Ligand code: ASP
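The chain that follows stands alone, in the form predicted on its own, written as structure tokens.
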């Protein structure tokens, strides 16, 4: 018999009427011939109320006791949902995370799932019950209640769908699918029919609150199709699967991360270990680092910039200043009035000119770009906060995201089939660690060259002119990094391109230098790009640290960095490429798939 997991968020169970409506959806699914597992969140703002109550009692409540408190919200919801199902003449059984058998580690308030027992759930399903599971919670080896952190009910639902080999995982929420951007900011936003796991991971990390990164990581790892639907309408929603909506478009979505801070360490010694010192200090304080931009050093010094959530400014500054003093950096500066605008799409891996199109649109809108970083499927720019919403709507319009693609990608058998995962689900059920980091590739690319432009004017349109000329020359650009504008109002802009195109790239840069008054052009045909890719890079923040530590221990200096939710890239001297690859393969040997 087919099995469906349905997850209902807090707004979907906010009162008795909505609980009864959710119960009817589950009953209807069962009457259609499915076994049904419901995953239910706490009612409405219940969790926020409990957090506030705890704060009134204790400014710093013990994490164990906070989990004990917060878990009660979901227990209320599942009990009421079971009562609703019984009132409608059907059988339902509510279960806490512990009663299900969700085993986690002991990291209270942000625990990771280690294993899930299916025996009790399957027995209840076979007896004709709708199983109502409390989201967001589990138990550790000491039988203490743990919670999974933000988005924990989504994670619970996808995890249960994985271990039960469910035919579908339906996420019911207060929106009717995944949109090309936030419809509250851009009314032109369009609901997508489907979106790939990797694109959804990027958008989730950029603030698309409809799904949480951990849940999408789970879905990708175990090949669980997710169906995002509205609790209040019968619209078809959006499928999150292996395939993008269309293979013909480069960009599938745009996102705005409004409240960012940029912190820059100026004059960082351009030697092995400097990056490790900075980011180890940040990791020690559990600071969430987003964009990382390091450009090619000049005169033995480099500037290293990163962004972080605005609420973590004080702690991030303290950590960076501590690191700067240790390594002998000149000083640390920051800007707390910046926002990040990003475009995402699997098609970027195949199509040229995407960056140029984005930069050109922003230039025409009078939006100045402060920082740039790219990955294979994402381009992010930092802009002043006052221009952020205008910048988002501009790029959304530039890539015609309000229009459905002319040719939709049909769902392949890989997407349509349930749980066709290369991973051994049985082994993971037995305790190997369902949320463990999985690295699927550590690669070396020695076919790239690097061009660096020093003294780039801080004005709209400069990056556009550079990459218009680069695109016109038929050069396929890989990495782009534009670093902090210093006190002189000048920046450094670097990009990598195929070695065969280095001469053309330098000629383009030198031609532009005359009209735009760049200070100098440097280049190298001997660089090596190293990439670490896998599942769990967002939720396991140690990946970058492992890379930096392994390279520092080997005395290998990092020249450029860019990051995404599925890959971390660094550029080193070409002569060090093979040795750097061996170092990284050894560093990640324990988590290689």
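Treat the numbers as computed from the prediction; the structure is a model and nothing was measured. Throughout, rigid core stands for the largest set of C-alpha atoms superposing within 1.5 Å between the two forms. Positions refer to the first chain, counted from 1.
This next part talks about the form predicted in complex with the named molecule, which is not shown.
- Among residues of the shown chain, residue 42 is one whose heavy atoms approach the named molecule to within 4.5 Å in the predicted complex.
- When contacts are judged by a 4.5 Å heavy atom cut-off, residue 564 does not count as touching the named molecule in the predicted complex.
- Residue contact with the named molecule in the predicted complex: residue 244 places no heavy atom within 4.5 Å of it.
- The named molecule is not shown here, and in the predicted complex it never comes within 4.5 Å of any heavy atom of residue 374.
- This chain lacks the partner; the member of 347, 151, 237, 225 within 4.5 angstroms of the named molecule in the predicted complex by a non-hydrogen atom is 151.
- Here is the short version: of 279, 136, 495, 359, the single residue with a heavy atom within 4.5 Å of the named molecule in the predicted complex is 136.
- Between 446-454, 125-133, 152-160, 506-514, the stretch whose residues reach within 4.5 angstroms of the named molecule in the predicted complex through a non-hydrogen atom is 152-160.
- In the predicted complex, not one residue of 244-261 has a heavy atom within 4.5 Å of the named molecule.
- After superposition on the rigid core, the Cα of residue 563 moves by less than 2 Å between the shown form and the other one.
- Residue 149: CA moves 2 Å or more between the shown form and the other one after rigid-core fitting.
- With the core held fixed between the shown form and the other one, residue 70 has its Cα displaced by at least 2 Å.
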